[in-house]
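You are given structure tokens for the same protein chain in two forms, set apart as structure 1 and structure 2.
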Structure 1
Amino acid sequence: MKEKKISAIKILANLIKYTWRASPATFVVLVISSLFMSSLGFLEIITIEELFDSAVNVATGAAVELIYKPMLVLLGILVLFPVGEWLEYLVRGYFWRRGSGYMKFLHHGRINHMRSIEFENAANIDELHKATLGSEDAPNGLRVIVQILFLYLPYILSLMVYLVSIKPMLGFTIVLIFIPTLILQLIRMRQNFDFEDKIANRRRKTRYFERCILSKEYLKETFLNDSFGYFYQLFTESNREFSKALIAIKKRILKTSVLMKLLNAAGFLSVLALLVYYVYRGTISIGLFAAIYYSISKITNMFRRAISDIGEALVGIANTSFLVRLLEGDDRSGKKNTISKAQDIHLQDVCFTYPNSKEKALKNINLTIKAGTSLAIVGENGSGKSTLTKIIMGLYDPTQGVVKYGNKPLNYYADTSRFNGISAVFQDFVKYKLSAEDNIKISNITSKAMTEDALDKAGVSLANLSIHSETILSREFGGQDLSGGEWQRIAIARGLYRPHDLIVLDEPTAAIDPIEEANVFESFKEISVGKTSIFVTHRLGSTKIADRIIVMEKGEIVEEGTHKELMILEGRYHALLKSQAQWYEH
């Protein structure tokens, strides 16, 4: 994921496009309600001028009936104002909910199409967290822009024309009130963007240290190791750094704010001074003075509300830029057509390097896996076994070389094509806090196929576990938890349930004893007849069932053959197997 500068115009254009798609009807109603409130506001000023003029005329002897019409009109306006405000309030809330929901849909959809390797890069994770702010703030930012264009701007421009028609200088002084506040909000937007851009990593660390103190997944070890104090210290220090940066940015904004508000006050006082001067010179009457002062008061309040909303909008748009940057980034696109996994797999000169790493995790891998055969990948921790399986399945793309299914390079295909027909069970499988049935059917939750067959093949009985298919596998939600070995069998059943022509077991039996692991692999091979299967394990006693074995060391294949061939070779495989055999000697 590459960071790139995106212009404010492009951000705004995308924002309009996204919120329009979220709910065109809401967008239109927001525009109409904004124009309605703007028209009411201007009509109120004109009516008040007429009311003051009528009052002055009545005071000088005119018929009292002159005052009735503006009073009735003003009464109608005052009745319509709360109706308009109520409509505006409802539309604003609905606009945000629909817009935010759609933005999150886009946000989550983009993450779903990211390359797996992108999650290995800390900078990318920071970008995802910043994009989350955008998905929350974007609709509110655009809502303010719509109201600026169709509520504040028409209202302010109409009043400006009204004031200028009386005295041109009045229009100029209103500008003096507006500009300093606008400059302040532009500075605030820039500083907020820079702050969020730089502090994302620190914010994430602070939340992580807090999870180490509070989260259930860390609780046992935190208590057992008496490490609460340590993590609390890390949290405090990280939070202090975050707070220090936040206070620094607030101080800079405060200094600018004081200066700009002084200028704003000077502009307002200049307007009052001009009005007093015009009254003193007899240029305007007392009635007109009152009407102008009321209009200036209204326009000043509108300025303040508009500027406050503009500030909110600018901050929202600044955060939206993170989301737009994510959505505009390269996603994993490619051919959508099916690529069969029931064919030979070829790895040609494959190398792989993790982000921010100088050393290659895989080096010059050349390997062919015949369709319908079983392959065991063995080696010590850190030898590249799991990385190799991720390359084979298409979770990672090689940094050099190519992976082919048949004669088709896998990296040309989109995710839906890459992963179709592949199933896997990983050592760090997920324990979903869902029902037992949903845990198994997670790859195709709407499937009507029963789970019993997958459970039988995985050697697990729900009855023996004292649970049923609807039991939630989490005490946190009022259900029941399982042991490590029981969870591993549920995970294996999950892998078997998914339709596949290729299945990978990446050390999913670590919590099972070696003899039981060998039984699992044996039964697994039997039920995988005719399908390609790959076993990854550091226990070599389970590998003899495989059609073929490769031994990895420091990212390279150092030996390859059947169990018998590798034992005759008396190389690395032979040495590892002998050393592990000593563990079970009495």
Structure 2
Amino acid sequence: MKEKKISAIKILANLIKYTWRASPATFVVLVISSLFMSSLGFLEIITIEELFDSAVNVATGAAVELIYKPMLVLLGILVLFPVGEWLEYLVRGYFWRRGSGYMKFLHHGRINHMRSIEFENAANIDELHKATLGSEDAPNGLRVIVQILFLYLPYILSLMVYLVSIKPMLGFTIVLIFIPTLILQLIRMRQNFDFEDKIANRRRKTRYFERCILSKEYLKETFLNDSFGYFYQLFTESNREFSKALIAIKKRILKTSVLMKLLNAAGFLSVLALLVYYVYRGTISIGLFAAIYYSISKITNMFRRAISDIGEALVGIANTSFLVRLLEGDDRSGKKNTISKAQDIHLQDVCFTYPNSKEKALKNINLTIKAGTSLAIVGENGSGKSTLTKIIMGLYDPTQGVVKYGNKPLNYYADTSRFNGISAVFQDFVKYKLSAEDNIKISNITSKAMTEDALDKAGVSLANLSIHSETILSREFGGQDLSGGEWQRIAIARGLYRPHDLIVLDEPTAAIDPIEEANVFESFKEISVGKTSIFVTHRLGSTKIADRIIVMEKGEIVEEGTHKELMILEGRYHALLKSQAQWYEH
């Protein structure tokens, strides 16, 4: 993802675009219901003026009929208010669900087209998380903006015009009451932001320590190491700090809040004094007095609601910027050409550095893998084996150099079509909490092809594990757990099930014993006749069968050849094999 600032206008424009596309009707209904509520509010104030004036007139001798009309209108308004509120409530919920659903659809679609390298960057992961929040908050943010434009603003403005048209001096009402409210609300909003900022880290820590005590994945070690007391202490300390910070900030917020209320009261009293003065001088009627009095408390409430809504909207919109950035970034998904994986693979002067890392994980790799042959990659932990396979498969693009399939550079092919015809079993393969069958068919879930063949070749029999293909592979979801070795075979079956011209096995056999591993590789080689296969292992006994072997060290290829050639060479491969020989002795 590119680090570029996105203007508020652009965020807003996109937000309108997304929500409009999600449901134009909802958008229109939201605008109409907002306008409706604001007109109703204004009508209420005018009617109150008329009602009070009529009441005074009736009291001083006018015909009682005079009061009927404003009473009827007010009755209508009082009935319509809850109806409007109900409509607003419905449309709010609908607006959120449709908008958020649509944005999630865009968001997930976009992630599907992202490069896996982007997930290696912690900053990106953070941004993605915020973009996820954005897809949840954005519709609320926009809803508030629509309501500000079509509900709060027209209402407040029409009342202001009304007040000023009666007495320009009443314009001060706004200054006296609303400006302090506005400023203090803004301060409060800022405090809330700071609050989240300051507290978030402490909260996360406290929760983490609690997890060390309570959660399933930590429990057994916590018990075994008898570290319950230690974590409990960490938790209570962290929690105490958290509470202290919380109270300190809450106190500050409370102070602002009290100040705000005092200022409000002072402003309100001054306006009241002004009104009493006008009535006393006879320059405004009792009806107007009542209407203004009523309108001030209405506007104050409206103002508070608007400002707290704005606070919510700002948070929503801040996160939306991440979503917009994600969605509006370079979209490489357009390239749909598929590239055949049944071709020679060439790596030319390939270097690779992980984001946020200074060290090169791969240095000047030159390698050709002939189509249909097998390659074994060996080397110590951290020598770059996994990274190399990811570069070969196109999961990562090299930072220097080029990877070609035939004569076509791979980085031209961006879409998921890039991975057509490639099967991979990763070192850290996923254990889906799905049925055994779905675990194997995950790459083509609707396929009718049987899974037996793949299971067979991976050396696993569901019957022997006493499970069915429908058994969920997780006790959590009412199924059964498998051992590490059993899982590895399921993962291998998954790789074999997917149609492929190139298959990569990255140490998927670590939980299987060395002899078994050799067997798996042996059958693997038989299965993949005519297909390009790459397997990574740190056990050299299994590598004999490979057409070619490369030995990696610190991101470089240090030896290369067949098993025989490397044995004759008596270099690193030979030495490693010697040191592991006892694994294969019976």
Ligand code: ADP
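For the two forms, the rigid core is made up of the largest set of C-alpha atoms that agree within 1.5 Å on superposition. No experiment lies behind these values; they were computed from the predicted model shown. By convention here, residues take numbers in order along the sequence of structure 1, the first being 1.
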| query | finding |
| --- | --- |
| Selected structure - the one that is the form predicted in complex with the ligand | 2 |
| Shift of residue 207 between structures 1 and 2 at or above 2 Å (CA, core fit) | yes |
| Flag for residue 435, CA shift 2 Å or larger between structures 1 and 2 after aligning core | no |
| Shift of residue 84 between structures 1 and 2 at or above 2 Å (CA, core fit) | no |
| Core superposition result - C-alpha of residue 233, shift between structures 1 and 2, Å | 5.6 |
| Core superposition result - C-alpha of residue 267, shift between structures 1 and 2, Å | 3.6 |
